[in-house]
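Single chain ahead, by itself, as structure tokens, in the form predicted on its own.
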């Protein structure tokens, strides 16, 4: 089974990389971009077949290592 974790900055947290992306896109002529937020995606291949247990374990991984929960939020997807 696979876990896909989307990690991004919480609303209100300054995102200098996102601002640079939006500014660069505008400079390239993509004027419809008003704002950009930069994040990361982490894919984990997991053993086992218990989806509820996998989700619980991945949440624990996020809380301990994969996300800085003070400034970042995360979303977990589990695929069979």
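The structure displayed is predicted, hence computed values, not measured ones. Residue numbers count along the first chain shown, from 1.
Keep in mind that the form predicted in complex with a further copy of the same chain is missing from the display, and what follows is about it.
Although the partner is absent from this view, residue 70 stays clear of a further copy of the same chain in the predicted complex, with no non-hydrogen atom inside 4.5 angstroms.
Under a 4.5 angstroms non-hydrogen atom cutoff, a further copy of the same chain in the predicted complex lacks residue 19 among its neighbouring residues. At a distance threshold of 4.5 angstroms between non-hydrogen atoms, residue 51 is out of contact with a further copy of the same chain in the predicted complex. For residue 13, no non-hydrogen atom is located within 4.5 Å of a further copy of the same chain in the predicted complex, even though that partner is not displayed.
The partner is not shown here, but in the predicted complex the stretch 38 to 60 reaches within 4.5 angstroms of a further copy of the same chain through a heavy atom at 38, 39, 40, 41, 42, 43, 44, 45, 46, 47, 57, 60.
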